[in-house]
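The chain below stands alone and is given as structure tokens, in the form predicted alone.
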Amino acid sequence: MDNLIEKTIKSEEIFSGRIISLHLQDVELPNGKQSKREIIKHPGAVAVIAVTDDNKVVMVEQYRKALERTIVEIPAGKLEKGEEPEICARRELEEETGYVCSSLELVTSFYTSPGFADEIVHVYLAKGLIKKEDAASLDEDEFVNLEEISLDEAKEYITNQKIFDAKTIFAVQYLQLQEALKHK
């Protein structure tokens, strides 16, 4: 493995935003030559696979400016500085959907785009959902439509690209696998 390491010679932050920063790095390659890397630094995020007692998956439809369209996704959000992922998962679930849960279990964590970003997403499974009386308290720049759909509907959403992001496709496939294991 050491024969694959790229040694950072110089790193310069060329952009610092509200969510990400962009760093330009000069690196020494394993063969001794030099190259440049553009690295996006991200604080990390959580995503919540929330399943109701009647086996509906709680999703949010929202406009994604980078795509110039709406997509349907599992609830998710950015970690605040020093925030534990489980706390963030509970907060995002409540803020985006109005649900709280009695059971929250870490499913996995994964890097979204390791070729250029260090963003890690912690995926949780939430069960024992209870809808709060008061509405969801979204961030002031966040607008969503709440959907509760069956696993079959979610698969159809993937086919017609209403669901079109990796974390949500992962969530649907995870639930499919869990269903298959139950019937084995």
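Each residue number is its position in the shown sequence, starting from 1. Note that the coordinates shown come from a computational prediction; the quantities given were computed from them, not determined experimentally.
There is also a form predicted together with another copy of the chain; it is not shown, and the following applies to it.
None of the heavy atoms of Lys132 is located within 4.5 Å of another copy of the chain in the predicted complex. A residue is said to contact a partner when one of its heavy atoms sits within 4.5 Å of a partner heavy atom; Thr108 meets this definition for another copy of the chain in the predicted complex. For Asn145, a non-hydrogen atom is located within 4.5 Å of another copy of the chain in the predicted complex, even though that partner is not displayed. Taking the partner from elsewhere, Leu151 is found to have every heavy atom lying beyond 4.5 Å of another copy of the chain in the predicted complex. In the predicted complex, the residues of 19 to 51 lying within 4.5 Å of another copy of the chain by at least one heavy atom are, in order, Ile19, Ile20, Leu22, Leu24, Gln25, Val27, Leu29, Pro30, Asn31, Lys33, Ser35, Lys36, Arg37, Glu38, Ile39, Ile40, His42.
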